[in-house]
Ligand code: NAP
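Below you will find one chain, with nothing else, as structure tokens; this is the form predicted on its own, and questions on how it binds or moves follow later.
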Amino acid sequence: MQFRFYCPTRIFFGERCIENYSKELSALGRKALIVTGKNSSKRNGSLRDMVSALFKEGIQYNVFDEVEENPSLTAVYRAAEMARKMEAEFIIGIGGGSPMDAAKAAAVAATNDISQQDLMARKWTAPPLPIVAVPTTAGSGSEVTPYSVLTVEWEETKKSIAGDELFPAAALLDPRYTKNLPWDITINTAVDALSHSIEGFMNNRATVISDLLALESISIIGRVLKNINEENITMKHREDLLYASMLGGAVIAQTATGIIHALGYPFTYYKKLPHGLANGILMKASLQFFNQHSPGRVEQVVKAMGLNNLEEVGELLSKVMPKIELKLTSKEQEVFINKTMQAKNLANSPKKPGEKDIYEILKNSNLL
């Protein structure tokens, strides 16, 4: 048995964890930049709680609230400039995956005078500012990963930068911040978390420890998805999803993602589908591809979800996910397959797909 496992983030989980562990913030410095979106952190109380904690600890702060869904490098560099001007000593990312990913990239750009191209090529030399992550959706797991996923306009896709220094120093997970999430965001982010754990399990970099975390995450999400609907979702369900999402993040921190993400990114960039929804519409067909080469692993995924076969996986996802009508033109099909084949994370698949395999996944997802 051989494996490595590295997750240096200090994790604090539970209601009012920002208030209860505010001293963790003071250990990082006396000036902080909060990176967040325009509205959600204000509505759910996370920004208020963080500001209160910073005041309690005597930490000066500024707020950059211009992060959009699927964060742009333009926003990242504006946040980095604000951090430099205020001489911030650490960055706090509050929100879903987009603000947390933007915060990580801004932490790099704040300490390195490099172009956007060099940032994406990971040509930085100075260590980034320390990062604190506060997730307010249960999906990305970015609070415990060394990745920042950004929209790269010159390549017309989403791409990631990675490095151990991008692990947040601390993650503060309070399920209360997810309480009033709309149903579609709740489901899309839950399916995103599910895709992380499935891709981490169906992965040639998987280890006994990442498998343990992945199956636990898959089990929790499967159970919750079978038992919730738009009128019936409790705080216990939301707490479970936040926990499972964090586990999924810890999984891909070890393994990275795979086919589902590689093929899902073009749907997000070109079709503006939410990231989790894009992954969800491809999930059953991707598992069918995996089943050709690793049927035992696929069977474990299905059983962990509390289901009997891949048809039931597809039925469950169709039941909970938002309904969309989408067909790719022949030109779009060509572009999407080409973009997918360029993705580095395809190499993580136990059996690397070819163009014909990607075509079959699109076809079996009823997208052609």
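This structure is a prediction, so every number in the text was calculated from the model and none was measured. Numbering starts at 1 and runs along the sequence shown.
Missing here is the form predicted together with the ligand; even so, the following discussion is about that form.
Only one of these stretches, 221-229, 106-114, 283-291, 143-151, has heavy atoms within 4.5 Å of the ligand in the model of the complex; which one is it? Every other range fails; the passing one is 143-151.
Looking in the model of the complex, any heavy atom of residue 182 within 4.5 Å of the ligand? Yes, residue 182 lies within 4.5 Å of the ligand in the model of the complex.
Using a 4.5 angstroms cut-off on non-hydrogen atoms, would residue 99 count as touching the ligand in the model of the complex? The answer is yes: residue 99 has a heavy atom within 4.5 Å of the ligand.
Residue contact check: residue 158 to the ligand in the model of the complex, 4.5 Å heavy atom: Close contact exists here: in the model of the complex, residue 158 approaches the ligand to within 4.5 Å, heavy atoms only.
Indicate whether residue 199 is a 4.5 Å heavy atom neighbour of the ligand in the model of the complex. No - in the model of the complex, heavy atoms of residue 199 and the ligand never come within 4.5 Å of each other.
Position in contact with the ligand when the complex is considered in the model of the complex, options 71, 168, 258, 264, heavy atoms within 4.5 Å: Looking at the other structure, the residue within range turns out to be 71.
Of the residues 195, 203, 217, 136, which one places a heavy atom within 4.5 Å of the ligand in the model of the complex? Checking each option against the ligand in the model of the complex, the one that comes within 4.5 Å is 136.
Within 4.5 Å of the ligand in the model of the complex: residues from 20-54 (heavy atom criterion): The stretch touches the partner through 37, 38, 39, 40, 44.
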